[in-house]
Structure formats: C-alpha cells, structure tokens
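Take a look at this single chain in structure tokens; it is the form predicted alone.
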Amino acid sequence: MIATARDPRVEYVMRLGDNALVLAQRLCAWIAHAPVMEEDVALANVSLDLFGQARLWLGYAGELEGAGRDEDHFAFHRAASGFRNVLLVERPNGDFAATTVRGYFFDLWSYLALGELARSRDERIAAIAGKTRKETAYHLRRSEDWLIRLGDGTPESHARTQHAVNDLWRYTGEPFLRDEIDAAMLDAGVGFDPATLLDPWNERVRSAFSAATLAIPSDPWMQRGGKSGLHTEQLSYLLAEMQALPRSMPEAAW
C-alpha cells in the first residue's frame, strides 16, 4: 500500500505517471500493426514520449515516498489495484479509429492539465509539466488531425469513428472529478481543481467534432474508479504482459 497520509503528492504524482505508462503500453502494441508505415513510426514515437513521461513522474513519486522504490518498481511490481490511472487510458486499442478517439480525449485533457501543473508551487512538478507539455502539444495536434480526417472522411471511417466516440464517451468524465487528493493538492498550491478544465475541454471537443462531422453522445452517465484503484479487467491483462519478464526475473539487470 502507498502511504499518502504524510504527503498526498505521492499518489498525486503516481496518477500522472500511471496515465502515461498505461497509455504508452497500449500504443506500443500498434508497432508493426498500424494501417500505414508512417503511423507505425508516429505511434511508436508517441509511446516513447509517454514512457519517458511516466519515468519522470514515477521516479519523483519514489523520491517523495522515500521507501526505496524507483520507477521500475512502480511499473513492474504493482498489482492492478495499486495503479491510479483513469479508466480511459486502459481501454483496449480496438481499431485505428478507437485508438485515435481515445488518444484525442486523453491528449486534450493532458495538455490542459499540464498547463495548470506548470504553475505548481512544487518546482519539480512544474518542471516536469513544462517539459512534457511540449510533447503533449504534438500528441494533441496529431490526434485531433486524425480525428477530423477520419470523422469527415469516407462513410466507413466516419461510422467507425462515431462508434468509437459512443463507446469511449462514458470514460471521459473521470479526469475532471475532484477527490480528497485533488483537494489537498489544490489547497497546498501544488495541484489544480480538475473540474475547471471541463469547460475548455468541452469547447475544443465541440469545435473538433464540428469539423469532423461527429455527434457528441447525449447520455451524461460517466464511469469512474481508476483514480482510486478500481479498474476494468483490461488493465490486469495489460499488466500481465508488461510485467511478465521483470516479475519472472526480479534480479535481472537491464
């Protein structure tokens, strides 16, 4: 168990690292399977960026915790219940449209969140956010471009993209929910109120969807649980693959 009573920054930073790590693992599964060679390279590069972000966040979480755990330990030696990523990033890749929609929803939230964190009183958090926001700006431009191209493309690409939107929309609300960890970080001047990002997120989504001729689902019900360690079975499958080697050879040196 992670002790957060003394310093809630540990879990707060873990959440950021876990989001990046899980999505990176999802995206690297596209290597050699993307629809065109350029997307093989692009998805691999985005995945590498996210792995790098995860190392920065989880490495800092280990330093804050002070229990001798580094980023590798956080990545490879926690069960699914110990992860604090939002449910959106653990959703299966599906087809290219589903991966694009999932990426766009998360990239936009991440870009907005990192902008807030770049003003954190915690200098390390501010520095990591400032650095990684530059990468995330590229991720967002890319995923938004593909969203519009697919949505406003052929009847087949439009139908697949709308289906992905309808399926993933229920997972978009969780990143904007504020809990006790968010509240503590807001009070300390370290974090921000995630609810304040919802309006700018919705505004840009509406603009992109208009260009992509996509419809926003009307059902307001949203899934939640990932931030507190309640995950779908899909995360367990992902971790089983990602953690197999380091768990079977715990003394191995990289």
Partner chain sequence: MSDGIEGDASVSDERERAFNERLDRSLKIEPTNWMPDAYRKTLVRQISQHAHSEIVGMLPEGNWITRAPSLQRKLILLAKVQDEAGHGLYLYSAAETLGTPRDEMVAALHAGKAKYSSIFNYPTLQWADVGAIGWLVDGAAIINQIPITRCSYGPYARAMVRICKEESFHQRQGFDIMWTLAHGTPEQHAMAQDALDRWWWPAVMMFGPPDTDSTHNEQSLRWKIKLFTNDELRQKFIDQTVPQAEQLGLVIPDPHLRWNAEKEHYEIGSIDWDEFYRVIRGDGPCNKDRLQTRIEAWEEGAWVREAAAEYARKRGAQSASP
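All figures in this text were calculated on a predicted structure; none of them were measured in a lab. Residue numbers count along the first chain shown, from 1.
What follows is about the form predicted in complex with the partner chain, which we do not show.
For the partner chain in the model of the complex, the listed stretch (182-190, 60-68, 196-204, 24-32) containing residues with heavy atoms inside 4.5 Å is 24-32. Proximity to the partner chain in the model of the complex, defined as a heavy atom within 4.5 Å, holds among Leu114, Leu140, Ala75, Leu168 only for Ala75. Contact check at 4.5 Å (heavy atoms) against the partner chain in the model of the complex: all three of Asp152, Ser157 and Arg160 pass. In the model of the complex, Gln223 stays away from the partner chain, with no heavy atom inside 4.5 Å.
Residue contact with the partner chain in the model of the complex: Ser228 places no heavy atom within 4.5 Å of it. Although the partner is absent here, Glu38 lies within 4.5 Å of the partner chain in the model of the complex, judged by heavy atoms. At the 4.5 Å threshold, heavy atoms of Ile148 reach the partner chain in the model of the complex. Residues of 75-98 lying near the partner chain in the model of the complex, listed in sequence order, are Ala75, Phe76, Asp95, Phe96, Ala97, the criterion being any heavy atom within 4.5 Å.
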